[in-house]
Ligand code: MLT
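Below, in structure tokens: the form predicted alone, a single chain.
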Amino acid sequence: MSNTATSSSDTKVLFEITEAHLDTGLRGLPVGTVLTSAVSPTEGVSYVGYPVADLAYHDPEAVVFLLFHKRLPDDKELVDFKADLAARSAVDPKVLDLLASLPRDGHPMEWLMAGLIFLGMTGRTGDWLEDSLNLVARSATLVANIFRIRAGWGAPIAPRPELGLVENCVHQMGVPGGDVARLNELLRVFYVLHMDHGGGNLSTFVGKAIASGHADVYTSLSGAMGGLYGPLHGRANQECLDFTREVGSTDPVQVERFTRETLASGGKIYGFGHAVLRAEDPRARIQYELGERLCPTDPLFRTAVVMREVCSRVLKENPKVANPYPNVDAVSGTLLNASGLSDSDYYTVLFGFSRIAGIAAQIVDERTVLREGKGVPIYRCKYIAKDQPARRIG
């Protein structure tokens, strides 16, 4: 069986599909175009052509503007855009009441999925762009109160949207014993680094697929967060911190021994490797550099630094390992932990907080820009019927 990815005689052939590509999770199969970001095997992630390393310390709102408008704002546009997001940020009080009714043993990502649906039920307009910008603006209060209410840190704190998206979220969290200045600096960078990642990662693909059926953006993002929730995707940052804690040493000899024993027993080295990248993830490099400034003596961060060298060296010995280098999750958890967020169950919620902007921007593009504004049709991939002999009853 062989199908060629063409729709007419003058259409460029992009990919030849063979039987070997079936049941592989669509890995590497082109299905569309993306206007917001790209992933290079050697250079990493870029947003609308800008390497993510060049954007890491920009205002988060400037990068949100970039994803939606495909250009960076000038100074006045950034001031106006921040003011617009602040004006959109009010959350219906019923949303917080509904959050308070959720079971405390539900995972924080389940709370995020529910909270996005609550935001939709109390505030949707039906306009793709308006709902997307409203969702970005309101996500700060939603995420902050998932932390605050579920963890039992006290009553909700009145929002201060004029502080900025990330700063308002940190303000409303009110992390007990947390270093507010450090959290603000860390999460501003974290937000930018995690905002988008091409079009084909699981959470983005799921969100766009749901939106292709014309479900609203809140429902689509809730489904996308379901994709992000899995340990093979967004929850990997939680798994990486737990793995770093298990390593628990800054002695390179002990770290190497642990790494080799883990591999010999069939275990995984969390935080290393990537489906697309073939070099160290620039987002990881930025976070290692940030850690050296924000928490240079933190024991877990120092363990992660040793792992960066030791684990990569050991993994390079296996010719089957395509990428032995750290990815974005390798060190992010240690930085969050050192800044007062010690419960790794919440880390994927922060990932989702960032990714909401990127997925929403891609949904707006697919619904209102692509195909000369007609939008992408409802997703309807083909499955090949297999091992289903003809049968009859009686």
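Don't overthink the numbering: it's just position in the shown sequence, from 1. Everything numeric here is computed off the predicted structure, so don't read it as measured data.
Another form exists, predicted in complex with this ligand; not displayed. Remarks below refer to it.
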Exercise for review: Scan T259, N201, S89, T219 and let me know which has any heavy atom within 4.5 Å of this ligand in the predicted complex.
Suggested key: N201
Practice item. Scan R160, R245, H233, H214 and let me know which has any heavy atom within 4.5 Å of this ligand in the predicted complex. Key: H233
Check your understanding: Is there a non-hydrogen atom of H197 within 4.5 angstroms of a non-hydrogen atom of this ligand in the predicted complex?
Key -> yes
Point to revise | Any non-hydrogen atom of K208 within 4.5 angstroms of this ligand in the predicted complex | key: no
Practice item. Indicate whether H274 is a 4.5 Å heavy atom neighbour of this ligand in the predicted complex. Key: yes
Exercise for review: Indicate whether R138 is a 4.5 Å heavy atom neighbour of this ligand in the predicted complex.
Suggested key: no
Point to revise | Candidate site R283, F351 and R355: all three near this ligand in the predicted complex by heavy atom within 4.5 Å | key: yes
